[in-house]
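Okay, here we've got a single chain as structure tokens, the form predicted on its own, with questions on binding and movement later.
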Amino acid sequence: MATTQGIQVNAKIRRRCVSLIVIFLMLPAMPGRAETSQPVTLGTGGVTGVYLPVGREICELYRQATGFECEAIPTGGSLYNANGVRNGDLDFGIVQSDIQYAALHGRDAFYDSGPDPELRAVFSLHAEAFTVVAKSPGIQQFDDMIGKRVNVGNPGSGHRATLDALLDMRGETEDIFALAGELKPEDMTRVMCNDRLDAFFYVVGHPSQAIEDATRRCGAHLVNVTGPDVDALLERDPYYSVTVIPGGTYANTPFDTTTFGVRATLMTRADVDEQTVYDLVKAVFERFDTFRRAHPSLSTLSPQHMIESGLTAPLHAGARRYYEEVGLLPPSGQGR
């Protein structure tokens, strides 16, 4: 039989446990990473492009640093990623700097949906050139493609948007081509080598496997994209700049190719957890040499360029916090 003293002690223990449970339930949530059963999602691009291996490396470095899951998702490219970030389907997306600008300000493809001031930049990546690859020897400049069979790019891709921006500056549309194909990058080389395309457009970091295949397998070459219309486009839109692809990068193109281009950027939304963004940026910058080895197009990256070039949206608070901590940016309120 239990003693009266034992009953009193057990009652005190029970009351103490109930009190602790009540106190615990009343505590406010601790600040820091938002708990979620879902992995971080990062929109990339096609399987033969640069975005997919770069996105996979970002996710891998984040996983190694934090133990949290990150999924690099193959997508249609910049426009798809920007829309995915805008509507919350993606946490992060790799997009061209011109697409980032248009999504923020409600321009071009985002005119109907309007501006989205909640979009944020994380860091920029490699330079991307508007690249014209032609099989026909008669195509030596942009005007030579009028009336030809070309691949303008899959819907949702940044290279399609950049081409349309150039055509708009010229007062033209895709109707100037005999055929305006919408193939994905992984398909356009095969179709060209089968003599069903004269040329294709691709906004990409170099070297590119798709362009390497086109120049070696079916004798294609690169084409200069210059002239008054390009000059006017660069003057109007500051996220474009002159880009030179060194001669010898690809077969059949021994001399430099002059064109224009943008930068790839990583973007997100203001409401994505600050600690998650901070941890992702830290994971990349603290293993920077490893990150640069993810693809040859990253080999010339520098931390300073990644926070200064091509960022056409405000920095996310988590990214800014890291950059200020390591001295890449002055503390808030002191300059940038």
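Start at 1 and count along the sequence shown; that's the residue number. Everything numeric here is computed off the predicted structure, so don't read it as measured data.
Below: the form predicted together with a small molecule, not depicted.
For the three residues V50, E128 and G158, a heavy atom within 4.5 Å of the small molecule turns up in the predicted bound form in every case. Stretch-level contact check against the small molecule in the predicted bound form with heavy atoms at 4.5 Å: of 195 to 203, 250 to 258, 137 to 145, 222 to 230, the positive one is 195 to 203. Although the partner is absent here, P207 lies well away from the small molecule in the predicted bound form, with no heavy atom inside 4.5 Å. Heavy atoms of P74 never reach within 4.5 Å of the small molecule in the predicted bound form, leaving it off the interface.
Although the partner is absent here, G43 sits far enough away that none of its heavy atoms falls within 4.5 Å of the small molecule in the predicted bound form. Put simply, Q96 is close to the small molecule in the predicted bound form: some heavy atom of it is within 4.5 Å.
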